[in-house]
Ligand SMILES: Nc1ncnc2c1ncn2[C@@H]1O[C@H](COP(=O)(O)OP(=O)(O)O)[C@@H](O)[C@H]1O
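This document starts with one chain, in the form predicted alone, laid out as structure tokens.
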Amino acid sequence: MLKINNLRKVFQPDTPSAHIGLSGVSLHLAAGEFATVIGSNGAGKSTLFNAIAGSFLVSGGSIRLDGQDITYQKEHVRAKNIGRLFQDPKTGTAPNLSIEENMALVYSKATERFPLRIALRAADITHFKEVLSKLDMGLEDRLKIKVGLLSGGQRQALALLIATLIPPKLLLLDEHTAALDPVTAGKVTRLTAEIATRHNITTLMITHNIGSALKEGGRTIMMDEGKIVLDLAGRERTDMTPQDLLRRYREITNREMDNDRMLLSGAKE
């Protein structure tokens, strides 16, 4: 489904400020595969996501999605097949529009049934309510409320739902639960897994929580200095503890993760 080969990105090339963001990253994910991505700050996690989403042109390598070369495809074109959520719950939804209007905009763009205006049928409303009910937050009875009035957890859950209302081929989750309280974060994480499994969506999830990195999905990818330095799956991943993963990081990089959030969220689980 997703095939990345020797992907490279150099920021401000040929200048004294040149910085390598990605250094020969290769990654293959099968259809429906769910992988977590972990690494210290500046490891290249978000840079990789930006490259996949088309936020900038890469310096070399290739990206193929479902057999199609998207390496130099425009970002808005890729967005038709790639869903993305960010850490800030305020992104991904329009605060001054209602829940109903936010969902209608996404639905209309995907179906092209009423692209120039929000015009919903009774069947659409029923569908929206059914989908919202799966959040178990009572939002199915609050379709007319403005999204800006929702709590951070409600808004992030809604953003996740909207990003998958028309299931994308690939879902990129950039620390999408980091700004939420533990209870809400757990709920959104479970919802994420349920949606990805139900629709067989190929998913990459950046997390700063080592416990979650080893628990969610079926594969754990560790990045450092723009490279993938560890790719865990199967029994090796199942048997690994957060302490084991930190030890492997030290063995590979000869560095500690001092003062990194990864040490504070999951290493003692």
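These numbers come from a predicted model, not from an experiment. Numbering starts at 1 and runs along the sequence shown.
There is also a form predicted together with the named molecule; it is not shown, and the following applies to it.
Looking at residue 248, you'd find every heavy atom of it more than 4.5 angstroms from the named molecule in the model of the complex. Residue 42 belongs to the set of residues with a heavy atom inside 4.5 Å of the named molecule in the model of the complex. Looking at residue 46, you'd find a heavy atom of it within 4.5 angstroms of the named molecule in the model of the complex. Using a 4.5 angstroms limit between non-hydrogen atoms, residue 12 touches the named molecule in the model of the complex.
Residues of just one listed stretch (236 to 244, 65 to 73, 34 to 42, 208 to 216) have heavy atoms within 4.5 Å of the named molecule in the model of the complex: 34 to 42. For the partner-free chain shown, nothing in 167 to 203 comes within 4.5 angstroms of the named molecule in the model of the complex, judged by any non-hydrogen atom.
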